[in-house]
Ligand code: NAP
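Before any questions on binding or motion, here is one chain by itself as structure tokens, the form predicted alone.
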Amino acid sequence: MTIRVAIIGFGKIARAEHVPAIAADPDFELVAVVAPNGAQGAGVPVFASLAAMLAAMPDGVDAVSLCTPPRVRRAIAAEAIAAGLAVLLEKPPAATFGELQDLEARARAAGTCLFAAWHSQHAPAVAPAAAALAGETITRLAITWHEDVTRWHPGQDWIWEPEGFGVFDAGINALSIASAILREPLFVTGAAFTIEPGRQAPIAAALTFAGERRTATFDWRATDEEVREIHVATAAGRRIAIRDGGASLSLDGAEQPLGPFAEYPALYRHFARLVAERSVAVDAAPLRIIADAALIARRLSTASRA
């Protein structure tokens, strides 16, 4: 049976990734868009709210993909769950860890499908890296995730608000990969957030984790060269390097053949299985790590460097 899906929030990620992934997947049909400010070129009916869509299309929608900024997600997702719809949450899945816990509890109580969709977990390097690390003892973890914010979020001021995550909007992708490939949880022992004057969310951050030599650096000021890498070493001498955001993988110095970089098609294939099973799939670890870091982080201002 074809899953009739509506996209809620029609910004860059919805247009660039969700729409083509849905169009290419025979298990899905895009039937509506919810966008308060309109959605030119959507090619399907557009509604100002989820309530308006449900009123106009009773029994006409099976699932929704929430692509709104995280600060408004919980209320919309809760409304969709109450209506019996399967729900896909674009990352980050909620504005707070507590909100995500609430949505998971609601979905389980209602018997509906909820999917916290970490797209980076579906990069081609992730599954083979996880297999290579199975049973290994980690002796080193180094996450380096440096991007140019002007390339990925041009003119988007919401990312600098308290609920916008700042550099963690990208850094959470790295943490989602770490959650997928490591068998043990990461616990934050130290954090420093670098914040620009007049902003609320960090433009850069550095974390340390429990255990020896476990670090992460995130920076949105990489205007020359972007780096998205995770390096892991083990007690048995294994060396695993995930590069290019999960597009490439090196095991013990040897580059591995991988399939195409098609995160969102893989994500929707997984969502189709979850919808059929009415399953709840919520990996809360990436959001929990950021919440933990925020509790203990030192705040540094770029103004002090001027």
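Remember, predicted model here, so these are calculated numbers, not experimental data. We number the residues from 1 along the sequence you see.
Another form exists, predicted together with this ligand; not displayed. Remarks below refer to it.
Asks: Scan A63, V34, L249, L267 and let me know which has any heavy atom within 4.5 Å of this ligand in the predicted complex.
Replies: Contact check passes for V34.
Asks: Just to confirm, with a 4.5 Å cut-off on non-hydrogen atoms, which of R199, R221, H119, R106 contacts this ligand in the predicted complex?
Replies: Answer to the contact question: H119.
Asks: Is there a heavy atom of W158 lying 4.5 Å or less from a heavy atom of this ligand in the predicted complex?
Replies: Heavy-atom contact with this ligand at 4.5 Å: present for W158.
Asks: Indicate whether this ligand has at least one heavy atom within 4.5 Å of a heavy atom of V72 in the predicted complex.
Replies: Yes, contact at 4.5 Å.
Asks: Against this ligand in the predicted complex, would P286 count as a contact residue? Criterion: heavy atoms within 4.5 Å.
Replies: The answer is no: P286 has no heavy atom within 4.5 Å of this ligand.
Asks: Look up in the predicted complex whether R298 has a non-hydrogen atom within 4.5 angstroms of this ligand, and give yes or no.
Replies: No, R298 stays farther than 4.5 Å from this ligand in the predicted complex.
Asks: So which stretch, 210-218, 83-91, 131-139, 224-232, is the one near this ligand in the predicted complex (non-hydrogen atoms, 4.5 Å)?
Replies: After filtering at 4.5 Å, what remains is 83-91.
Asks: Taking this ligand in the predicted complex, which residues along 140-175 bring a heavy atom to within 4.5 Å of it?
Replies: If the 4.5 Å heavy-atom criterion is applied to this ligand in the predicted complex, 140-175 yields W152, H153, Q156, W158, D169.
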